[in-house]
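Consider the single chain below, provided in structure tokens and representing the form predicted alone.
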């Protein structure tokens, strides 16, 4: 069986004289989460609406699992779950009732619906609310039901349009946790976002778009290596606080370190030079210091620097 896939070739959409999307050619395949990153107005939602056949392209084409969306809409979207711009659910319905309607529309056999609804409510952590009126739910809870609706027919491609936008911090964290869990179910998830930390936290790959043009598509690690030009940034977490003055001096003296920032007494951000080899030397020297290193992770600021540099070049 072929892996799930999404592909666009020369995809262009104009609204009058305004070009919302220009010659987007992108191919992603396999079971993973790809973040479609860009500022507001970059063309993200336009792209997802074209993939879902909600609007028609001015030029170009797109495919889901190798099936043309424009020529064979039903076949292309059969194995795709789509959530774009958070639809409202009738407040008088329960999740069970709402998902029963969606399952019927998506062609889930009547004999399988109860099990599928129970499964997807479990996936979005809403089992205990299955028979409560949706009108009583918070915005985050409603969004989780919307995600469940996109999953009810068990698609292998999931298209999400900024699923955490507009939620409070708790709701955002819950939605991101759900998406991380969904990656374990062998699906291809294509998720638009304008939030860098969200992409770093959830996604395996990133495709950056600005002003309707795709700037790059690659793994998160490759993106930072590709554009960092020999520079890098890591966040170091310690088991115990490190004295500010002496600690900074020790870290600044490590090989290749060009800048040290204390995020809090137990967390430090180190910028370094030398690429992968420099990072290896830095990690060896960190451990040798015996200062209680618990973890070392690539800094979110690494992608932020790439993001800002590429967006500014497009101005």
Partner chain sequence: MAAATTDPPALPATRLRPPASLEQATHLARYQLREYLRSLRFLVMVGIVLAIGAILTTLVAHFRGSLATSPIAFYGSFWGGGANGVIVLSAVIFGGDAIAGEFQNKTGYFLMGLPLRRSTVYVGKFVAAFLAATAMMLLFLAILVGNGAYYFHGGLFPWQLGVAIVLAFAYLGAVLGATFLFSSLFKTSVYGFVLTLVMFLIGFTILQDLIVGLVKIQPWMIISYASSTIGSVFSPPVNWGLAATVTQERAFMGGPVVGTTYVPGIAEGLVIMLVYLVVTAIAGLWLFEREEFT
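Positions refer to the first chain, counted from 1. Rigid core: the largest C-alpha set superposing within 1.5 Å between the two forms. Just so we're clear, the structure is a prediction, and the values are computed from it rather than from any experiment.
What comes next is about the form predicted together with the partner chain, which does not appear here.
| task | Please pick, from 195, 105, 130, 177, the one residue with any non-hydrogen atom lying within 4.5 angstroms of the partner chain in the predicted bound form. | result | By the 4.5 Å criterion, the partner-contacting residue is 105.
| field | Option touching the partner chain, based on a heavy atom within 4.5 Å in the predicted bound form, out of 213, 72, 114, 125 | value | Contact with the partner chain in the predicted bound form is made by 72 alone.
| Is there any non-hydrogen atom of residue 100 lying within 4.5 Å of the partner chain in the predicted bound form? | Judged by the heavy-atom cut-off of 4.5 Å, residue 100 is in contact with the partner chain in the predicted bound form.
| message | Even though the partner isn't displayed, in the predicted bound form is residue 283 close enough to the partner chain, meaning a heavy atom within 4.5 Å? | response | No.
| said: Although the partner isn't part of this model, could you tell me whether residue 149 comes within 4.5 Å of the partner chain in the predicted bound form, counting any heavy atom of the residue? | reply: Yes.
| request: Report whether the minimum heavy atom distance between residue 63 and the partner chain in the predicted bound form is within 4.5 Å. | output: Although the partner chain is absent here, residue 63 would touch it in the predicted bound form, with heavy atoms inside 4.5 Å.
| field | Triple contact flag 276, 298 and 304 to the partner chain in the predicted bound form, non-hydrogen atom at 4.5 angstroms | value | Result no, not one residue of the spot touches the partner chain.
| Region of this chain that lies against the partner chain in the predicted bound form, out of 200-208, 235-243, 177-185, 105-113 [heavy atom, 4.5 Å] | Contact criterion met by 105-113 only.
| Residues within stretch 49-72 having a non-hydrogen atom within 4.5 Å of the partner chain in the predicted bound form | Stretch hits, in order: 49, 52, 53, 54, 55, 56, 63, 66, 67, 71, 72.
| Is_shifted residue 184 between this form and the one not shown (CA, 2 Å cut-off, rigid core) | Residue 184: C-alpha displaced by less than 2 Å between this form and the one not shown.
| task | Could you tell me whether the Cα atom of residue 136 shifts by at least 2 Å between this form and the one not shown after core superposition? | result | Comparing the forms between this form and the one not shown, which are aligned on their rigid core, residue 136 does shift its C-alpha by 2 Å or more.
| field | Did residue 90 shift 2 Å or more between this form and the one not shown, C-alpha, core superposed | value | The answer is yes; the displacement is at least 2 Å.
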